[in-house]
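The chain that follows stands alone, in the form predicted alone, written as structure tokens.
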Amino acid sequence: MYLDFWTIILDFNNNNFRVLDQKLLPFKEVYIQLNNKDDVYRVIKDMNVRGAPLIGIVALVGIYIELINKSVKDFEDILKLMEYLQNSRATAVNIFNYFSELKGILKNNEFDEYVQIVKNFIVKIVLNEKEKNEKIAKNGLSLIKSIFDNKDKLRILTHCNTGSLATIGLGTALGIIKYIKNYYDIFVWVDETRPYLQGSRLTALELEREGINFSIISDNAAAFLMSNNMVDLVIVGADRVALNGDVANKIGTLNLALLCYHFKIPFIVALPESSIDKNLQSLSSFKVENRDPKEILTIKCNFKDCYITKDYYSVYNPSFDITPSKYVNYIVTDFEVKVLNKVK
């Protein structure tokens, strides 16, 4: 079986697995070969791949690779391997959800069946994620039609990247944007999304490929746009959502939610139901990952890290923030549209 989703290539016929190095986009499309668990850990940790659904699938591929490498000998080794891979990006709940489901299947089967079981599981998850994206897009369209029943033009602001580069298929929040272009005349404001610039590098690339009009803005320009009535709605994705609707997402998401609350602009979060953490009632005490100071101190120039200030300056670099549910208007999943707080 051979599956190619741009972001990831799964060649089960030749046991050849590659992921698109998103850190080189939009200028180069280079694939990274995955040969062992450390390769998988590294591409997730270093954000060569990102987006909760895609991270979860790549982690599953790590299990499969170690099985065919015969480096794991029993179910206990699988559990240790899962724990290792989970630590690559602790915020991405899909890893935990996929691993939890897979554990339940593996513990009731013989070890010599694991390779085929994990392969089948990966294929199932991949195809399910593609279908989920399409359902999210359709549910998003239904919601937007209900909010903007008298408009034919929409100005949308989005943060980070939530499209095909973060998932399998259309994407989540960006998938909705791509889908509704057939029903509305849309213009997209793209947050640059410091420090990795997923907006200006990745979202802009996807919108360009889709033929959707957009402009990149600095992360701190949103308030100016909203105060001048230049934004109709904001759509973002999520790495993890608690049962009460609290949202963990790329740093800067809370800024947008608070601005939408103030300016009475619909704030929509889109994600697959699998990214909702059924074990967490809220995210009030959730630990925020603090990343490498170098991400703030440098920018990429000619694919190398160039310092924009002194390398010894103190840096605080939280990678995501928590948006309390009271600032979230709607959550769109592949199952439903959850109304948390209607815009007044």
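We number the residues from 1 along the sequence you see. All of these numbers come straight from a predicted model, not from anything done at the bench.
Another form exists, predicted together with a small molecule; not displayed. Remarks below refer to it.
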Non-hydrogen atoms within 4.5 angstroms of the small molecule in the predicted complex: do Asn161, Asp239 and Asn249 all have one?
yes
Classify Phe320 as contacting or not contacting the small molecule in the predicted complex by the rule of any non-hydrogen atom within 4.5 angstroms, answering yes or no.
yes
At 4.5 Å between heavy atoms, is Ala166 in contact with the small molecule in the predicted complex?
yes
Considering only heavy atoms, tell me if Met47 and the small molecule come within 4.5 Å of each other in the predicted complex.
yes
Can Leu60 be called a contact residue for the small molecule in the predicted complex at 4.5 Å between heavy atoms?
no
Quick one: find which of 29-37, 51-59, 304-312, 279-287 has residues within 4.5 Å of the small molecule in the predicted complex by heavy atom distance.
51-59
